[in-house]
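Here we start with a single chain on its own, the form predicted on its own, put down as structure tokens.
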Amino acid sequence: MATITTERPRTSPEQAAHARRQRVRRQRLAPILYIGPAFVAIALIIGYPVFNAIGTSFLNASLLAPGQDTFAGFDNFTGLFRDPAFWVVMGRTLVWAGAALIVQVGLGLVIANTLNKKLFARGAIRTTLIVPWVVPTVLVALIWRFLLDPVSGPINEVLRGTGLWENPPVWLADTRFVLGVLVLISAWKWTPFTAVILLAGMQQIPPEQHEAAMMDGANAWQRFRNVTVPGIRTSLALVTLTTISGAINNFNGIWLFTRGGPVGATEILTTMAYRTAFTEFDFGKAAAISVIIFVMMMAVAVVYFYVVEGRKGDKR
């Protein structure tokens, strides 16, 4: 009985190499096809406003003369740089961002380090901690405007009732206190986010490192400084980036409380840009301020990637 044998067609080395290249090309192309539509959508949503603002910053564009925009070159920028009021607002913005960084990261470190220990009802405490973070900014403004009300606010009532301060100030109308009060309110809302990020970093530190430090006789402060802080360096860099950029770009946290007042005591770049656009109707100048804010935030991001990601690359 005859048997029939079938042989698979032999593939030449060139054909095998070509098929392998096709397979690798498809594998590389697949992720691009998956994320491509989302990337295009995000590029349009983010890119168009950015480039539109950059273009408007080089125009004499006013709502009082619609359709009569003219090219201004760098006049909007030079006008800002020559204006002493702009530099006052710039300095206040940097003070605002620096104070937010110190308070939020400082409190975040204390809270995260505390929650990293074994505590009773630690899960419930962590859940409660994030409540201020998820509260909408408008509701935060309503809560704190009530608490700080000069007539019936609980804070002034407690100060007067305990005799700590007979005539407490109108917190949101006193130029001596208003910026500091807004920094503390901002910290109340955003410190939970900072603490969560830092806590996640602390939990990645192997317990053996703390145990070895204890065996070497290190006290709590020395363990925190020499073990914890180096172990959360990346998390610290991340919260530094988000805190500074968030403070520079903060609008609601100022406008909902004081609208930049009193007497400009809380005016920062974002409120200045809004006021320039919708009070003075000078869209070109407002766009120039927005571009300056964008450049500042990009500078912070570049420093972050240079310091953090660059260090990771050196370790590899």
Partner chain sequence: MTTRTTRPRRRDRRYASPGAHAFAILLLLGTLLPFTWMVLSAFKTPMELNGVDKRLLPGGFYLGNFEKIADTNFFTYFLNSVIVAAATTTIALLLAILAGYGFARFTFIGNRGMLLIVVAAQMFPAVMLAIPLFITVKTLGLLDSLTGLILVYISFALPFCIWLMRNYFMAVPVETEEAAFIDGCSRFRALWQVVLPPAMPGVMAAAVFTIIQVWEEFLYANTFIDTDAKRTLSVGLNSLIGEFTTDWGRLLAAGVLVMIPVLAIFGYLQRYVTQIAGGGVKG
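If you superpose the two forms and keep the largest set of C-alpha atoms that fall within 1.5 Å, you have the rigid core. Residue numbers count along the first chain shown, from 1. Note that the structure is predicted; figures quoted are calculated from it, not measured.
Below, we turn to the form predicted in complex with the partner chain, even though it does not appear here.
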Open item on the list: If contact means a heavy atom within 4.5 Å, which one of 85 to 93, 154 to 162, 72 to 80, 175 to 183 is the stretch that engages the partner chain in the predicted complex?
Closed with: 154 to 162
Task: Distance check, residue 255 to the partner chain in the predicted complex, heavy atom within 4.5 Å - done: yes
Open item on the list: Under a 4.5 Å heavy atom criterion, is residue 221 part of the interface with the partner chain in the predicted complex?
Closed with: no
- [ ] Give a yes or no for residue 169: in the predicted complex, does one of its heavy atoms lie within 4.5 Å of a heavy atom belonging to the partner chain?
- [x] no
Open item on the list: Quick check on residue 207: any heavy atom within 4.5 Å of the partner chain in the predicted complex?
Closed with: yes
- [ ] Check each of 229, 212, 119, 102 and return the one that places a heavy atom within 4.5 angstroms of the partner chain in the predicted complex.
- [x] 119
Task: Contact set, 122 to 151 vs the partner chain in the predicted complex - heavy atom within 4.5 angstroms - done: 122, 125, 126, 127, 128, 129, 130, 131, 132, 133, 134, 135, 136, 137, 138, 139, 142, 143, 144, 145, 146, 147, 149, 151
Task: Post core alignment: residue 40 C-alpha displaced by 2 Å or more between this form and the one not shown - done: yes
